[in-house]
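The chain below stands alone and is given in structure tokens; this is the form predicted on its own.
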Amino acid sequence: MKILLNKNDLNEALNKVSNIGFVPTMGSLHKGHISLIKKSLNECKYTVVSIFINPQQFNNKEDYKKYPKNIKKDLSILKKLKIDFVFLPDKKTIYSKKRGIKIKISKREKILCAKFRKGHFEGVLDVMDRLTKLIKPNKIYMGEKDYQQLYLVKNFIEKRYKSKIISCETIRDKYKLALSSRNFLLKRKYLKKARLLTNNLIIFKKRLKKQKNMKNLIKKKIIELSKIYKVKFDYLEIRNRKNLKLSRKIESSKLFFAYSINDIRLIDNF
């Protein structure tokens, strides 16, 4: 496993390398990340994992500061997985060149998390553009937990590069809670509440198949869960999995939700 710190390291290591799988991360690795990495190891000759907490995608400075970090543990995990390269850039390496034209997402795309996190996805697309340009991967592996991110990055990157975005299923704990680095910030009692809430919504989605007045039912569910689990919802919506438009057809859609529990924001979909 080679650790690459800057563009020169990266160019030297990848100069004559082909069939590259890339897993972009912000560290605090968990089984969800590991599943992406294993998929890359199985499908590609070489695997690059980046660890970079991108300041541009945080619309809240405090959220950026408290984002979980454990680089020593992360490197230990990656070494055991026998990946080829770890890219550990600093802000100067990633943002050495200013962008001529700012990245913008369209009005119709300002839904779900984009509606509540101003500038977040512009920051995600910016860093993914820069990383893809540097690494030139054949495949980029991303999880479905961040489904809107996956959707936007796929549309953006595949129009500009030969890299293919590989969608990977959400990995959950034994209580069905989606694995997330932010889970590390939750105390046990809040983790338990998040698990119970997830299971409640899994059952709720199944029941929605037989209901006609979905809009009112969803409003009532938000009020109910907010009171029971002491959480604040940003959204709870049924959207088409292909184009993210609001939908009433459960079979071709996903239930998307985001909420804050003890000031930690969690998102999921199923």
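Position 1 is the first residue in the sequence shown; the rest follow in order. Small disclaimer: the values here were computed from a predicted structure and weren't measured.
There is another form of the same protein, the form predicted in complex with ligand AMP; it is not shown, and what comes next is about it.
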Does at least one non-hydrogen atom of residue 89 fall within 4.5 angstroms of ligand AMP in the model of the complex?
no
With a 4.5 Å heavy atom cut-off, would you call residue 30 a contact of ligand AMP in the model of the complex?
yes
Since only the chain is shown here, I'm wondering whether residue 26 would be in contact with ligand AMP in the model of the complex (any heavy atom pair within 4.5 Å).
yes
Just to confirm, residue 169 within 4.5 Å of ligand AMP in the model of the complex by heavy atoms?
yes
Do heavy atoms from each of 195, 200 and 266 fall within 4.5 Å of ligand AMP in the model of the complex?
no
Could you tell me which of 184-192, 169-177, 101-109, 80-88 sits within 4.5 Å of ligand AMP in the model of the complex, going by non-hydrogen atoms?
169-177
Please pick, from 135, 127, 142, 157, the one residue with any non-hydrogen atom lying within 4.5 angstroms of ligand AMP in the model of the complex.
142
Please pick, from 67, 204, 233, 46, the one residue with any non-hydrogen atom lying within 4.5 angstroms of ligand AMP in the model of the complex.
67
